[in-house]
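Next up is one chain by itself, shown in structure tokens, the form predicted alone.
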């Protein structure tokens, strides 16, 4: 049965690998986010056939990165077959960044770094992020960055030139149309550049457009769960007018390749 047929029938995609590369965990201060704990997220994942979610906590990108990183660590330890962790770093506490990286990358299941410059009020190439970028360059781990608009994507281009071994995931695909157009160019030009599908401003046919212009090998399934219910992003890929092989790339095979180094 094709992926589209299974999705039309409301069946979980339990016969392909599905990794959600852009998720959160916990409450958000002014947004209703049901099923926001580990158990609630697993229930959402099971309805769709999502095998694993790579997680950063909501609290980490705003009030308390230490609490948030611990929240993710607890989920990774409790459900090692369902959750992988991003360690989230706050550039306003540069003295803690190296220790956070060491402590959490020593925990099995932590696989990458999450940065949210917009919430932290700094540019993507802020000097205090250099610790994170050097670590990613040394280890080859992914860095998921909240990338919002053309200016952010232009800054990521500079990082791609400087840190060639780090794997940069442009969260939200660049967000707006101009940002997405440049992000597509970058995933074609740079081996270590990726985008995810957590497109907060979703347009009809955008998955087909991304694949047509950027190919299927550098696009990662990301839902922004539980900030958003994962079903609409999942459905846009499952029902997209692209091949099943291209859907398999996006749903899980591309992220699997990143994680395997």
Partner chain sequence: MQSLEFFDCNCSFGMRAIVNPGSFYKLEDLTDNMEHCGIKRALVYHSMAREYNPMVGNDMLMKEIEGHPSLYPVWVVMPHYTDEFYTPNELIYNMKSQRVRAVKMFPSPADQNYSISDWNCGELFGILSDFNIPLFIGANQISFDEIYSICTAHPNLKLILTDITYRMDRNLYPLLKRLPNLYIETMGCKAHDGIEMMCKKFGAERLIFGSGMPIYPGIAATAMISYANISDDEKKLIAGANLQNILKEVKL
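Positions refer to the first chain, counted from 1. The structure displayed is predicted, hence computed values, not measured ones.
Omitted from view is the form predicted together with the partner chain, to which the following refers.
K.L.:
Is the partner chain close enough to 122, 135 and 165 in the model of the complex that each of the three has a heavy atom within 4.5 Å of it?
P.N.:
So, no: the whole triplet misses the partner chain.
K.L.:
Flag residue 231 as yes or no: does it have a non-hydrogen atom within 4.5 angstroms of any non-hydrogen atom of the partner chain in the model of the complex?
P.N.:
Yes - in the model of the complex, heavy atoms of residue 231 and the partner chain come within 4.5 Å of each other.
K.L.:
Can you tell me whether residue 64 touches the partner chain? I mean in the model of the complex, with a 4.5 angstroms heavy atom cut-off.
P.N.:
Contact with the partner chain, no.
K.L.:
Applying a 4.5 Å heavy atom distance criterion, does residue 225 contact the partner chain in the model of the complex?
P.N.:
Judged by the heavy-atom cut-off of 4.5 Å, residue 225 is in contact with the partner chain in the model of the complex.
K.L.:
Looking in the model of the complex, any heavy atom of residue 239 within 4.5 Å of the partner chain?
P.N.:
Residue 239 belongs to the contact set for the partner chain.
K.L.:
Can you tell me which of 214-222, 65-73, 188-196, 43-51 lies within 4.5 Å of the partner chain in the model of the complex, counting heavy atoms only?
P.N.:
Answer to the contact question: 43-51.
K.L.:
Scan 169-205 and write down, in order along the chain, each residue with a heavy atom lying within 4.5 Å of the partner chain in the model of the complex.
P.N.:
If the 4.5 Å heavy-atom criterion is applied to the partner chain in the model of the complex, 169-205 yields 177, 200, 201, 202, 203, 204, 205.
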